[in-house]
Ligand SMILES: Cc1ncc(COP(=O)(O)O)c(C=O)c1O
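The data below hold one chain only, encoded as structure tokens and taken in the form predicted on its own.
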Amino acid sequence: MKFDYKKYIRTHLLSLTPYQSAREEFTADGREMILLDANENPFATEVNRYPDPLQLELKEQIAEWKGVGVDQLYLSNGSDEFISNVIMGCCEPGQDQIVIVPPTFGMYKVSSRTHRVGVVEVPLTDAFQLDLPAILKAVDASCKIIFIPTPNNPTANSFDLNAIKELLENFQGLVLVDEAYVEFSTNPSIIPWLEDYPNLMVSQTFSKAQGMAGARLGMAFAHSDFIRFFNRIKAPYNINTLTINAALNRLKEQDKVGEQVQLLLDERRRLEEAFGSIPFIKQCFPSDANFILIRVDDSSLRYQQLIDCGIVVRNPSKNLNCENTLRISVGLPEENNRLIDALKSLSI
């Protein structure tokens, strides 16, 4: 049966005529042109010209890297922009809702509120896993997107892939799986599932394992019809030239990225072992990411004490079922040594 993406999209956006630069029709054939169309400064620097609005060179390399077609790939100004675009493009303000699974990444709710879209919250189980029966019971026709981050932020664990598959098969809307920390996970990416589930979208990022948080580059993978739609509603030049060039260079360094990921995984295990000997750390939750969630006796006190030691961590205690927790990123070995020493000193 032919997939109809239009049923997921806000009706009035289907007829939107996108802004198009005058030179877009010439970008694909490689001709050398005198560019007098965009009122740019003609004196050559690395950034005097507008970037390729469709980032074709970068997309071709990412598509080969990830094993997808270029037409299945969308690049965004960080994953936050894609999250916003999906909600804006698929949810009618004041009518539709998204589904989130707290404790979860905060931007899903922020973006939905920004676009005047409702939020249905279905808490994770006590083990921080998806409560599948509760999710399927809570959704109705107004629920257009379920956001599933795995590994999850702030809990650091991965979700059962069979539960995600069941959601894809039983939920009538879109399932957006956020794989920001996938390089650190024992679970593989579910990008290959796109062939079987056209209602699946997968987001990844250059901000974490790729070490490019300051460049702001997100990747989204979806059915080609969705990608064409998002290219129509995005800002014309949402990815700047400096970011494109930095990503092209980083793609040549994947062996180095792999070494860095392995070092962080080794350091994560070392931190987990060290946390076991700290009396005020009551629980160290299983991590499948580059950070660890711990439960302590008094998170506000311990947070401030670490600040006084010159160490910044995150206090996510306001999140559902995260009372008295701290979220700690895995740092360089010498940074982790300072953290361990500080925690031990606070135990005296």
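None of these values were measured; they are calculated from a predicted model. When you see a residue number, it is the position in the sequence shown, counting from 1.
Another form, the form predicted together with the ligand, is not on view; read the next lines as being about it.
Contact between residue 105 and the ligand in the model of the complex is found at the 4.5 Å heavy atom cutoff. For residue 74, no non-hydrogen atom is located within 4.5 Å of the ligand in the model of the complex, even though that partner is not displayed. Interface membership of residue 181, defined by any non-hydrogen atom within 4.5 Å of the ligand in the model of the complex, is confirmed. The ligand is not drawn, but in the model of the complex it has a heavy atom within 4.5 Å of residue 80. Only one listed stretch (110-118, 236-244, 201-209, 126-134) carries heavy atoms within 4.5 Å of the ligand in the model of the complex, and that stretch is 201-209. In terms of contact with the ligand in the model of the complex, the residue from 153, 185, 84, 97 that brings a heavy atom within 4.5 Å is 153. For the partner-free chain shown, just 149 of 131-149 comes within 4.5 angstroms of the ligand in the model of the complex, judged by any non-hydrogen atom.
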